[in-house]
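We begin with a single chain expressed as structure tokens, specifically the form predicted on its own.
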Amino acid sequence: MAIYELKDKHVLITGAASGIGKELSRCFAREGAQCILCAHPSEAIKLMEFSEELRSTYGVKTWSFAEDLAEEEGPDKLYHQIKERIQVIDVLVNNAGLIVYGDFHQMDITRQIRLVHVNIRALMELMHLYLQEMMARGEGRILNISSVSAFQPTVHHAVYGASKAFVQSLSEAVNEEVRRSGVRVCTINPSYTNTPLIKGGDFPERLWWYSISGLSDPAVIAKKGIEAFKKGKSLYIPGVKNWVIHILLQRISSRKLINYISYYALKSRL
């Protein structure tokens, strides 16, 4: 498959103010893509400053939009705000996400529902809106930032893992539906990454799992992920070790054993 050229493509990235989304935005700009950046309103100033940094550093056009994707009308409002200024989005990067750490029955249900709104509903709605346009043109790419958490239950942050399982299943199914259209749906599936998502709040400073998997650098994940995306990989797990743990071992181990390991490996390490 030919390398997908990003120069002059219009790329929309959600959750672009920090973490993997910010590093992906930097990679896209380095490739010459015109970047449409989106983040939560609380990050509006930071997003505008980053937008200007990309513009001055790489000589690309940038736009910034602040929208709360957890709100009922958030995804639709974002879509129409962008439509007023940019007619065609060539690449949609669904990166925005939330995490809630703690046993399901003990955690505030409102926070967990908000997670579902961002990780699932907003992603699905934006994907649906832009996929229709891409299909009509016969060209386009959707990149959903999933996780290795999509491949097994994540005990102690159960809703997060479940949301990534949804994203993974949806992405793979839709990619198969559109495979003859000129449109592709891809996922990047990193392990735990050193981003604000798992810093502060109720997420522990360290998990037992980090002693096995380590904690990835978002810049490295973005750089490797962009290369896989350009090559047309529909699913990319950074690192051979992660592929062995989350794909190979899943196939040869019992569900009971996987759940048992998850319970202890994802506990806080004091």
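Everything quoted here is computed from the prediction, not taken from an experiment. In this text, residue numbers run from 1 along the sequence as written.
We do not show the form predicted together with a small molecule, though everything after this point is about it.
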Task: Heavy atom within 4.5 Å of the small molecule in the predicted complex - residue from 154, 112, 168, 193 - done: 193
Task: Single option in 70, 54, 27, 207 placed near the small molecule in the predicted complex, where near means a heavy atom within 4.5 Å - done: 70
Open item on the list: Quick check for you: of 18-26, 257-265, 243-251, 5-13, which stretch puts a non-hydrogen atom within 4.5 Å of the small molecule in the predicted complex?
Closed with: 18-26
- [ ] Give a yes or no for residue 197: in the predicted complex, does one of its heavy atoms lie within 4.5 Å of a heavy atom belonging to the small molecule?
- [x] yes
Open item on the list: My question is simply whether residue 187 lines the interface with the small molecule in the predicted complex - judged by any non-hydrogen atom within 4.5 Å.
Closed with: no
Open item on the list: Taking the small molecule as it sits in the predicted complex, is residue 131 near enough to touch it, meaning that at least one heavy atom pair lies within 4.5 angstroms?
Closed with: no
Open item on the list: When the contact criterion is heavy atoms within 4.5 Å, does residue 96 count as touching the small molecule in the predicted complex?
Closed with: yes
Task: Heavy atom of each of 40, 146 and 160 within 4.5 Å of the small molecule in the predicted complex - done: yes
